[in-house]
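Only one chain is given next, in C-alpha cells, and it is the form predicted alone.
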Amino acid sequence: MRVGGQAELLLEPKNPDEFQKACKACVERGIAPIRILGGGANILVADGVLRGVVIATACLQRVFRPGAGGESEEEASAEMPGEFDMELPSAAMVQDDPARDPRLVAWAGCTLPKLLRTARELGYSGLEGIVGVPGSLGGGVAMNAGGRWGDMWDVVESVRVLGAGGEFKDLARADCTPTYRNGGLGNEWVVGAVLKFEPKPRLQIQEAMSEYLITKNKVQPVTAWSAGCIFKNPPAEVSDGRSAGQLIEQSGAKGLSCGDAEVSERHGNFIVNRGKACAADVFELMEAIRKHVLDATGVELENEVKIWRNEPDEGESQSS
C-alpha cells in the first residue's frame, strides 16, 4: 500500500538460528511488541513511529529439497529448516528424479513467487492457485494465504514455529487446524515449512498458472499500490453467498475515496493508493466501507489485512 511510518527498531536475521536469537533477545530485554515482517503484502502500518521491534524475514530466502545438503532423508526431515544451509540447485542442476520425493523445505522469508517458480521447474503441483499472490512463506502459512483455486495449507506437510519460550517446535499437518485465512498457529512464529507436492508435467503446471493469472489480472488491480483484499469473505450463511467484494459493490461503496485512498474500480475489495495516501486515509476509508455494507446488507465485514499501530493491548503478529 506504500503508507505508514517507521519502525522504532528493526532486526534482520540471516538464518533461523539468528531469528531465534533475535526473538529471545527482545523477550529478555522486555522489548515489545514483537512484530514479524515478511513481504509486507497484507499489512497496513499506521503513520508515525511504530513502537517495539520489527523482525524482518527478508534474508531467510532459502528453499531446497530434503537431503540437498547430503544428509539422509531421516536426518533431513528431523532437522528441517533450522539446520539446513543448502540452496536448491537450479533446475538444470537437479540430480536424480525429484519425483521420488516431491517435497521442498522453505524458510519463512522465501517469497511466494520464488516458491512457485521453484515448484514449477521441478514439476511439483499444488500451489498453482496462489500465483500472483505476493508475500512470503511465513506469512502465507500463518494466514493460510490463497484464493478460489487453493490455499497455502493444501501442501503443508509440517511447519517449524518459534514458541513463546523461544524454542523451535515442529508441528505436523495433522496437529494443526488451519481455516479460511488463518493458519491456526496463534502467536507462534513460522520459521519454515516442509511442503509436499504432486508430480506433474511442467507444461501442465505452467498452463494452469497462466490461466489463473490471466483471470486475476482481469478482475484485480494487480499493478496498483494495494494490500490485496481488505476484508475477509463472510460465511455464506451470513452473506447469502456473496463475497466481500460483491457486498461492497452492492452497498454502493465502490466509488468511495478518502484523500488519495480509494476503492478500486476493478474490484470492490481492494483499496488502492493513487499516490499520496497516508495510513489515516486508508483506515478512514475502511470504516466508511464497513458502515456502508452494514447499513445496506446487515453484514459486518471483518479485516483480512493486518493492521499495525500503537495500542496498549496490541498483540504479536506475523505478516506475509
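Note that residue numbering follows the sequence shown and begins at 1. Fair warning: this is a prediction, and the values are worked out from it, not measured in the lab.
Beyond what is shown, the protein has a form predicted together with a small molecule; the following relates to that form.
Proximity of Arg266 to the small molecule in the predicted complex, heavy atoms at 4.5 Å: Yes - in the predicted complex, heavy atoms of Arg266 and the small molecule come within 4.5 Å of each other.
Ala172, heavy atom within 4.5 angstroms of the small molecule in the predicted complex: Contact check for Ala172: no, nothing within 4.5 Å of the small molecule in the predicted complex.
Interface membership of Trp225, the small molecule in the predicted complex, 4.5 Å heavy atom rule: Trp225: no, not in contact with the small molecule in the predicted complex.
Leu116, heavy atom within 4.5 angstroms of the small molecule in the predicted complex: Flag for Leu116 set to no.
Segment that reaches the small molecule in the predicted complex - one of 198-206, 107-115, 184-192, 239-247, heavy atoms within 4.5 Å: Residues of 239-247 come within 4.5 Å of the partner.
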